[in-house]
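One chain follows as structure tokens, the form predicted alone.
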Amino acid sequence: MLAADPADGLCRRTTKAVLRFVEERTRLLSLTVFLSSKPVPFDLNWAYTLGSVSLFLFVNQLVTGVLLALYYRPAVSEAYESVRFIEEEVTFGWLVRQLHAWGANLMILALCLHMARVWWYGSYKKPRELNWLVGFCLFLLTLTFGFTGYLLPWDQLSYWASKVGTEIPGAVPVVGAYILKAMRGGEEITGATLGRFYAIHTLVLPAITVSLVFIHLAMMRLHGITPLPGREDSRKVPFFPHHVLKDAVSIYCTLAIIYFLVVVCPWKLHEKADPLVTPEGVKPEWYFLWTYQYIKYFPQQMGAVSGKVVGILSSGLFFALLALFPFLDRGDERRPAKRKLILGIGFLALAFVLAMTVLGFICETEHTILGTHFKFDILGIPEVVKKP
């Protein structure tokens, strides 16, 4: 029989002493156990992994963002060149930037799907109303991440898209001019805007988001994961390893999708921003495109009020209703088949948003459909273009 290795025993004792020292002073280990050892219903489907996918993508943004910040310079004269340097000179810099760019878009998409799952199963109902509000705030923060980060490469597309995006809240009556100046740091998009967006993107938003993520996870641990509707009595299994395995598979699939997009559709760096040259067909990113297109359908004036103002306020009402959804749908029923009215309203809203997004993509473009060439105007209305 082999004798015990004294060095091995010393290592174990030292490890236990260090862990005990940390636990007595921070309770960090107890907190980790509290967040990770919760029991979950055994029959949760794959849609319940979307929250973990969103968290993974947020971590991806943090890690790649820190790596990019090592070389990025937030100055008008250097921002564009620093991004080009990252892509062309830094080892694997192109990959880090691609992971960051595509990760941002996929994070917004994953959050949309995650919120759709919560809405479909009625998981926002009592006692989880406040957690829905925290999740909604995280969704708004993610959109703000996308908006502030989009300007940082300082190329033509990002510059003019940011100019269009900041003009929308600037049209709000009374306070619009102040909001515009606060966002831009002046009347126009300048170096002050770039520095302001960079500080918000790298300092303010991550701090707030990390705090809310912690609160979101703690509240989820407090109330537990909502079981599937009608299966509230399902047996429980430990979160680890049962549900963690599903989360891991979904995360690996997400990572595969990101790398596929990086290889097949790399995120392009366009020409350097030129405030004197306006490119054709400038539009916001896809997650703001529906609002941008929706505002176009309002006339210049609606009585004494600007049509643009009415469009902005009504689109803001959409977000307000989304935030207050748990307080509007207060019934106990969670089964989709028993909530046809609520789900019907939701599907109509989703169809409207998708329709506005599609119209936003095709407006001011030309396409050939079934052999016929169409030109779409600013409202997305097609016109047949005859060949000469």
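All residue numbers are counted from 1 along the displayed sequence. Because the structure is a prediction, the values reported are computed rather than measured.
Form predicted together with protoporphyrin IX containing FE: not shown, discussed below.
Open item on the list: Please pick out the stretch from 136-144, 230-238, 188-196, 299-307 that is in contact with protoporphyrin IX containing FE in the model of the complex, where contact means heavy atoms within 4.5 Å.
Closed with: Within 4.5 Å of the partner lies stretch 136-144.
Open item on the list: So in the model of the complex, is protoporphyrin IX containing FE close enough to P169 to count as touching (4.5 Å, heavy atoms)?
Closed with: No, P169 stays farther than 4.5 Å from protoporphyrin IX containing FE in the model of the complex.
TODO: State yes or no: in the model of the complex, is some non-hydrogen atom of H201 no more than 4.5 angstroms from a non-hydrogen atom of protoporphyrin IX containing FE?
DONE: Result no; H201 lies far from protoporphyrin IX containing FE in the model of the complex.
Task: Residue contact check: Q61 to protoporphyrin IX containing FE in the model of the complex, 4.5 Å heavy atom - done: Residue-level check for Q61: no, no contact with protoporphyrin IX containing FE.
Task: Distance check, H114 to protoporphyrin IX containing FE in the model of the complex, heavy atom within 4.5 Å - done: Yes.
- [ ] Have a look at G224, G176, G93, P206 for me and say which one sits with a heavy atom within 4.5 Å of protoporphyrin IX containing FE in the model of the complex.
- [x] Residue within 4.5 Å of the partner: G224.
Open item on the list: Between L217, L255, L289, A182, only one gets a heavy atom within 4.5 angstroms of protoporphyrin IX containing FE in the model of the complex; which residue is that?
Closed with: That would be L217.
Task: in the model of the complex: members of 51-69 within 4.5 Å of protoporphyrin IX containing FE, any heavy atom - done: Sequence-ordered list: G51, S52, S54, L55.
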